[in-house]
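Shown below, as C-alpha cells, is a lone chain in the form predicted alone; questions about how it binds or moves come after it.
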C-alpha cells in the first residue's frame, strides 16, 4: 500500500514537472507568434489592434534572406549527406577500423562540434577574406559546422549491426565500394541518413554564430536578419521573423521525431 502511494505521488510529481517545463518553453513562443500580429506591442499586446504589415515589412526588406537561407541549407544538406555518409562508410568498413589512427581521424572529423561557431566564422573570415563577398564562405562554414551531425548519425547506424559481413559478402560477389554502399548498405540505413540530413537542415537554418562574421548587407541568412530586426528595437518585426522561422522549423522537427520513432520500433 505504501509503495503504491509513493509510486502514484511520483507519477503526479513527474507529470506536474513535465507540464510546467512544457509551459515554460511554449508560452514565450505563443507570445512571440501573437506579437507578430500586434500593431504596437507596448504595455499591452493589442492596444492598437491587429495588423499584417510586419510580415509585409519582413518580406519586403528581408525576403532575400529567406531565399539565401533555403539555398545555403539545401546545398549544405546535399553536400554533407554525400560526404558524411561516405566518410562514415569508409571509417566503419576499414580493415583496421578499431586502430588508434582511425579513432584519431574520426575525432578530427567531429572536432567542429567542440569549437565555438564564433571561432570558426572568425577563422574563415580571416583566412579567406577575398571569398567573403561571394557568400561561399557562409556555405563552407555551414558545411564544416554541420558535418559531424550526419557523420555521427550514420556511423552509429553502421555500428549498430554487423554491416561489415554484409559488405564483405557483396565485395566477394564483385561489387565495388560505391555500388556496395548505394545498393546494399544505404537501403538498410536510409532512415538514419534521412534523420541526419534533417538534423543538418535544422542546424543550418538556425545557425547564427558563424554566419554573423561572414555575412554582408546583400548576403545574410534568416537568423542574421532576425538579429537585425530585434536590434532595431522593433519587437513586432522580430516576432514576425521568428514566426516565419518556426513555420520552417516545426514541420521538420515533427518529421525528425517521426523518423526517430520509426527507427526504434
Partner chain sequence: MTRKTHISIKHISKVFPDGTRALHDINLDIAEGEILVLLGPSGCGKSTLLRTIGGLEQKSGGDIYFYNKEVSQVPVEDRNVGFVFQNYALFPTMTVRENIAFGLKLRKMAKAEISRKVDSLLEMMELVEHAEKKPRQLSGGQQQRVAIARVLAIEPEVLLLDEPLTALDAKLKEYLRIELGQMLRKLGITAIYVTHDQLEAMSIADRIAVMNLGVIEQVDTPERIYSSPKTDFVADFIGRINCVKGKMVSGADGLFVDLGFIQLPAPSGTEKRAGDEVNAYLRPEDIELVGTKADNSGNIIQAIAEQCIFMGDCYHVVARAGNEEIFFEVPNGARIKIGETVQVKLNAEKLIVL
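Note that this is a predicted model, so its numbers are computed, not measured. Numbering follows the first chain given and starts at 1.
Below, we refer to the form predicted together with its partner chain, which is not included among the displayed structures.
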In the model of the complex, do 173, 179 and 183 all put a heavy atom within 4.5 Å of its partner chain? yes
Would you mind picking the one in 188, 78, 111, 129 that has a heavy atom within 4.5 Å of its partner chain in the model of the complex? 188
Option touching its partner chain, based on a heavy atom within 4.5 Å in the model of the complex, out of 165, 115, 71, 82: 165
Answer for residue 119 alone: is it within 4.5 Å of its partner chain in the model of the complex, judged on heavy atom distances? no
Determine which one of 101-109, 165-173, 149-157, 82-90 lies within 4.5 Å of its partner chain in the model of the complex, judging by heavy atom distances; exactly one does. 165-173
Residues within stretch 50-77 having a non-hydrogen atom within 4.5 Å of its partner chain in the model of the complex: none
